Every structure is written in structure tokens, then in C-alpha cells.
Ligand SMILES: NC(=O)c1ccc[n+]([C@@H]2O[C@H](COP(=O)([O-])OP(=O)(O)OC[C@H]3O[C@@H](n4cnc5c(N)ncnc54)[C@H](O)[C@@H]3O)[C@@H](O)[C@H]2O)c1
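A single chain comes next, written as C-alpha cells; it is the form predicted alone.
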Amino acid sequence: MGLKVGIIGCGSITRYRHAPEYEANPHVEEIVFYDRNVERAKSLAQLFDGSFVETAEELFSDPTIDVISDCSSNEAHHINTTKALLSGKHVLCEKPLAISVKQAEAILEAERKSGKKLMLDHNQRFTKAHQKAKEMIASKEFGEVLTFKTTFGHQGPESWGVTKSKATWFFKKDRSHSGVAGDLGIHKIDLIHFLLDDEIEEVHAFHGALDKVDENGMPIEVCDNVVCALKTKEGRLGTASFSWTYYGVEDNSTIIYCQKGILKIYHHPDAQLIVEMKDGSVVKYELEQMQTNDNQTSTGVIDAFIDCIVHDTEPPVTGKDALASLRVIEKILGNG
């Protein structure tokens, strides 16, 4: 029996990632779309041979819907994801899980009550280069990890969003809440937790709205750049920078410095993983191209989510994982 999927929010993330990946999954039978702008839901229903509803409540109350993707804006996740779970649906929620740790904890409580699966769309965990790097780090073939550097920056959400407009919700404090920190930064925080099997505990950070302006030409209400120094529970030290003002090629790179060598991930365009050993030898792994906003490839997230439902296994990115990353974002923004 095929699964029926409901999607809340019909912006770019749904159009380019969730909907096509559900459509391509053999276990998915039908997709039902909802958006506050009903025309957007209609147009995606046509594009992906699905149907649409006019209220989110119709998705929650439909007993034939098994699964919901919450692609609403950040401030609505705690409402939609909680309602979906308590309506007996498995939920794949876009990151960040919520705009505060307190709201995220309420979502995790709903997950416990419902007994349903909650997974977060931290797609960086699924790339071949990151998976290979995790294996290498876990094997201790390069000794212990000592320090790290990670970056995620591009030209900004107004160049990717569905309306290509400076009026994007990402720039609004009441909807985005955390600016580039919750948009790009949380991916890299989650990635460091994943790669090192460790958790960031201490944070010193600077953040600001350095360049972006809204539709009225005013500086945006949230940060467009973050630079921070980080320390993990195990005592590793690292730096991270997140930016909406990299006005050139996207940078999505991470460097892990170990006792016997260095792992450079998505650092060089020709090799997704480069290992430089202490003795001077270099190994290059050409694994696959990183997905960028301009190069949409399958993330593997939807397949992994459907797989954990079909086989009743734990989601590869849990609510607990998402909460740990959100805690770090709160500290970065000075609320922790």
C-alpha cells in the first residue's frame, strides 16, 4: 500500500526538493499540497500530479494521509509539526525545528505522546563526502580530531526564494527569527555534531546585518553574517562562518584537523574530499557534486525518511539532534 503525503508550504524548498523527491519515491502514492496562497498549492498539485487543500486542518484531519512535510516558515513549525504529530502523522520538518529551544521541546513532547516519527531535514548528513569523512574520523585512522573550520555562505535567500524578492520572509524577524544563523548556520552546527560525534558546548560569536536591505531599502531585521568560535564537550576547538553575502560562488566547506592529517570537505571544486597526511601524501576522493541552490540534485533526505517509516527504524536525524543544534544557535545569537 502506497503512502499518502501532505506538504505544508509551497515555496522553493517544496518545489525543488520535497515534491520531486516524494514523486520519485516508489512507496509514495500521492501528494497533497497546502499553502496560505492557494494558487501556489494549485500550481504544484498540477506540476506533481497531486491534489491541494485550502486549509492545513484538512491535512491533519484526513485519516488517509500518513506523512507530512512541514515546509512552512520558521515561526509556524511548532504549530504545524505539533498538530501533525498529534493527528497521527509522521513528520519531516524543515530546519530549524523551531524558533526557540522552548518551542522545540514542546514539539518533542508531542512526538513522545504521538508515538510517530519526527525527522529533521539536515540534508548535509546525507552527502557522500560527509558520510565518508564521518567513517574516517570514527575509525581514528588520523588520530583524534583537534580543531575544525566550517563555512556556509551564498548570495542570500532573495536569490533562491520563490518570489526572488527582498520582501522574502527570511528577512523578517517575526517569521525567520534567526536570519542566516537558522537558515545556513544550523546545517553546519548539525554537521559538526554528526561528523565528530560530539556536541558544541561553548560559543563566542559576532553577528550583524551588514549588507542586506528589505523591500523598502532598510537594513534587514535579522543577521546576514555570523562568525563564531566554538568549543565542544570533548574539548575540540573550531570556527564557523555563515553568510548571505558571499557574492560569488557558494562556499559550503568544512576542514577537520586531526593528529595525523587534514580532511578538506567540499573545499576544492574537483574533489569533494581531500585528505592531506602529515607525511605530505595527498588522497583525493571524487564522490559527487555538492547540492547547491543552482545545482539541484536528490538530497537523499526524503528516501531516508520514507525508509524509516516503511521499516519502522529511528530517523537518521532525530528531534533530539535538532534540539542540540538549536541550542547552539540560541547561544550564537546571545539568547542561550
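Fair warning: this is a prediction, and the values are worked out from it, not measured in the lab. Numbers for residues come from their place in the sequence shown, where the first is 1.
Keep in mind that the form predicted in complex with the named molecule is missing from the display, and what follows is about it.
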Next on the checklist: Looking at heavy atoms inside 4.5 Å, which stretch does the named molecule contact in the predicted complex, given the options 255-263, 219-227, 201-209, 117-125?
Outcome noted: 117-125
Checklist entry - Within 4.5 Å of the named molecule in the predicted complex, heavy atoms considered, which of His187, His78, Lys132, Arg236? => result His187
Checklist entry - Which residue, Thr82, Ser72, Ser178, Thr150, has a heavy atom that falls within 4.5 Å of the named molecule in the predicted complex? => result Ser72
Item to check | Candidate spot Arg17, Tyr34 and Phe170, all three touching the named molecule in the predicted complex (heavy atom, 4.5 Å) | outcome: yes
Checklist entry - Can any non-hydrogen atom of Thr318 be found within 4.5 angstroms of the named molecule in the predicted complex? => result no
Next on the checklist: Please determine whether Tyr246 contacts the named molecule in the predicted complex, using a 4.5 Å cut-off between heavy atoms.
Outcome noted: no
Next on the checklist: Given that the named molecule is not shown alongside this chain, does Val328 nevertheless sit within 4.5 Å of it in the predicted complex, heavy atom to heavy atom?
Outcome noted: no
Checklist entry - Do Ala322 and the named molecule share at least one heavy atom pair within 4.5 Å in the predicted complex? => result no
Item to check | Residues within 4.5 Å of the named molecule in the predicted complex, restricted to 85-105 and counted by heavy atom | outcome: Glu94, Lys95, Pro96
